[in-house]
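Before any questions on how it binds or moves, here is one chain, the form predicted on its own, in structure tokens.
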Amino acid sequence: MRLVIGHLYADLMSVYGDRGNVIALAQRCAWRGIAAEVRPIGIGEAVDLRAFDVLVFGGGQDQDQLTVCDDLQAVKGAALRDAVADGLVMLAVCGGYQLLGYYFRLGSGEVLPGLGIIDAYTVAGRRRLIGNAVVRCPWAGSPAPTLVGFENHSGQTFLHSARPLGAVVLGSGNNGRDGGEGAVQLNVFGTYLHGPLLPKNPWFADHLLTLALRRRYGADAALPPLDDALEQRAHEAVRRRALRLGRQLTGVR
């Protein structure tokens, strides 16, 4: 078996360790004997994105996000919509997440057009939402697994029909108001969690890979299990520390 992993705007949109998401996906394939080819996709490249199995779209600085927005509108937008409709699995973090919605209204009033792949919009907030985050994902099983990461964004995202990736246990999530973090639409997963996300949350990395395998090889495709004891211990240590520090900062006992 083989999978093709695309890193969208790898040179511009990879702050706070987002590149580590690509590394984690490729490594978890390698441990299972699955050939993973990683292809960076840059500005001005017009490619058939349906040929990819997983696409990772990270966050970036404001100026880089403007550059990427122009390229999405002029070069890659139609191909990305077609690929998503074809079942492409995609992880979009922070700035990438924002550009998959309908628009991002900046504090200046300027509006960055999005692709409308996720039924959501983003507006600039008055304060920065920053800190450790813990998110519970009831859709992924019982007991509901958690995601841990680090959020750092001033944009506030509001969902329409897209469902949240999870419920905030600690942190601000999409907007600091409605208790939701991230979004899921088809096989597209948006989130504000950096860190990078996937090395800290191996179950979620495997969920993305399983979806990709099923798209390419059929509904019966499955990932061979891995011994994730060390990864689970690391995840639990991060979760407990984040919650402990969060209680200390808020005064909650």
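The shown structure was predicted, so the numbers you read here are calculated from the model rather than taken from an experiment. One-based numbering along the sequence shown.
This protein has a second form, the form predicted in complex with ligand GLN, left out of what is shown; the following refers to that one.
Contact check at 4.5 Å (heavy atoms) against ligand GLN in the predicted bound form: all three of Phe104, Gly155 and His194 pass. Only one of Cys94, Leu72, Val84, Val148 lies close to ligand GLN in the predicted bound form, with a heavy atom inside 4.5 Å, and it is Cys94. Using a 4.5 angstroms limit between non-hydrogen atoms, Glu37 is distant from ligand GLN in the predicted bound form.
Although the partner is absent here, Thr210 lies well away from ligand GLN in the predicted bound form, with no heavy atom inside 4.5 Å. In the predicted bound form, ligand GLN lies farther than 4.5 Å from every heavy atom of Leu243. The closest non-hydrogen atom of Gln65 lies within 4.5 Å of ligand GLN in the predicted bound form. Contact annotation: ligand GLN lies within 4.5 Å of heavy atoms from the stretch 95 to 103 in the predicted bound form, the single such stretch among 161 to 169, 95 to 103, 133 to 141, 75 to 83. Heavy atoms closer than or equal to 4.5 Å to ligand GLN in the predicted bound form belong, across 55 to 88, to the residues Gly59, Gly60, Gln61, Asp62, Gln65, ordered by sequence position.
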